[in-house]
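Take a look at the structure tokens below, where one protein chain is shown in two forms, each on its own, as structure 1 and structure 2.
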Structure 1
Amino acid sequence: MSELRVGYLGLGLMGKPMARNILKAGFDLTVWNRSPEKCAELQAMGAKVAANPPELARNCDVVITNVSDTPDVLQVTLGEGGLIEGLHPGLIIVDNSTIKPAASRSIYQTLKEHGVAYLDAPVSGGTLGAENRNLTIMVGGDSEPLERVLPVLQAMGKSVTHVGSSGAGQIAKAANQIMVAAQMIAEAELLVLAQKAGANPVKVIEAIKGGAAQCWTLDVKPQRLFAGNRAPGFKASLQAKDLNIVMETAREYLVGLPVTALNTQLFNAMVAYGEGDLDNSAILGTYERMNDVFLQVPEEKQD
């Protein structure tokens, strides 16, 4: 068992399986979640449960946070009752959330003044990647604390890349979400075109995913959609949140992103329609309503 005492804060769709993999890798794990009942499964597997974030920080060498948005990270890290009240020399705080790069840099600077290291380490791969220890982890921050926590990160993901200084991990995640959104929307458009123009969508996917259009989205998502499964691997509301972070960052640095701006509005519309808890690939529904056509999988004809 590793000598590192690891804390994990935030046991949502992604956080719980990530924490479970840390525990399976043999680390001494303590967890905390705003909804305490989410700790029960990990406690039954041998994890300790902290009473609050300051206690989590005091009793761990590394604390990993994974919550929904920038205000949540600021609260659990620097706010009243947050990790900041339990800081100690040598502590490393790693954030797996997706937040504004500017906020990550601000947290880094504040914690540095307290003698505590901070890494922004957002992840990509969705719930399946979290469950299968198959995540891509993008890290911003100093190299020395990264070297120390690398075994913990490797317990959660297949790929860990040190992108650069503080905030660089969040910038890489913003870039990732530009591509993810574009793929989900392109998939929706091609499926609706195939359906309405009279081609079998299943055969269309089969025909194109082995060529220049091949991508992770076409390898993984159509099968779920064809089966009528639009439950989240990654919630559309989080996709919309991430895209809005992209656009805020683009405004900050005067970067023109016209296609991503449109994609952001499409996901915002999906959330406004009440479909934010569906998978991000369920943006298909927005296109179905727009075009008055709904995905159907034709039955195979017997010769």
Structure 2
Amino acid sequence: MSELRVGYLGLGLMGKPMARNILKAGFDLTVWNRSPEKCAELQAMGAKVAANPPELARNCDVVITNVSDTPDVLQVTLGEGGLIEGLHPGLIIVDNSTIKPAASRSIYQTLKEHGVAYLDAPVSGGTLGAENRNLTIMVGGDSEPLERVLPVLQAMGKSVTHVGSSGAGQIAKAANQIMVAAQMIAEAELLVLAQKAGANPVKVIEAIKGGAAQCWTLDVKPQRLFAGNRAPGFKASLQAKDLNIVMETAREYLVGLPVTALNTQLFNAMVAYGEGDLDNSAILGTYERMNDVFLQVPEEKQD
């Protein structure tokens, strides 16, 4: 389909299905992962496996990184044994990780001095979105390299938006997480209030979900909570990690976000309690403990 040789670095819960969709779209794909056994499935599907990040960079036109956090991206990109040791003119590096916008901007500058383009391209939509090619991809960086890699991004997501210059994709992701966290916590607060004040939470959600409060969160998450399903979806530990990035960014660019600060602390507490592997909507559990009340769905009759 394309002559672009694509490299994917980081085959975690998100990276692996995203790399799979690149392969399915017909691209020549090479992969690398710190734990090499995660490469086996893609290799069986036809992907090549690079021995190390510099080799991945040398053999590809585009390398996409998808690792856990800011220090990991810095390491695999600019650190010893990182992509930087295999740079070549015309290479484009795209980062699907969610990291600090300032770090993205710094990597962009360093790579620019080597004649290499860098796009920050964090995604939203969770593992399911990654599997179903249903991700929202928010891109920061220059237009020319984005045009070249657009078919690769479109192989992974339904919506690709060029938000602005380097770092703007990460800022959009931070904005996204501010809203998502606010909705998860509002959902938890309204459910415990309904429960304690003696209304049927199922009916309360039914009454409000189509009005001014309408959101994807209320469309999807209460039904899972009512069914006792708190499995991820989107892990609370990642929600907490992303919120801590938001707060570091807010400090870096001098802006006060009091409500997101509080939301961050609540997700930190949830992770501290050992529930980081649950869905972000399971922040409800923090409120249940705090208020000594547990979500109950009455039998089918008026409460």
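One-based numbering along structure 1's sequence throughout. A quick note: this is a predicted structure, and the numbers were derived from the prediction, not measured. Rigid core (definition): largest C-alpha set, two forms, superposition within 1.5 Å.
- Only structure 2 matches the form predicted together with another copy of the chain.
- A displacement of 2 angstroms or greater separates the C-alpha positions of residue 293 between structures 1 and 2, with the rigid core held in common.
- Once you line up the core between structures 1 and 2, the Cα of residue 211 ends up 2 Å or more from where it was.
- When the larger part is held fixed by a C-alpha superposition, the smaller rigid part turns by 8° between structures 1 and 2.
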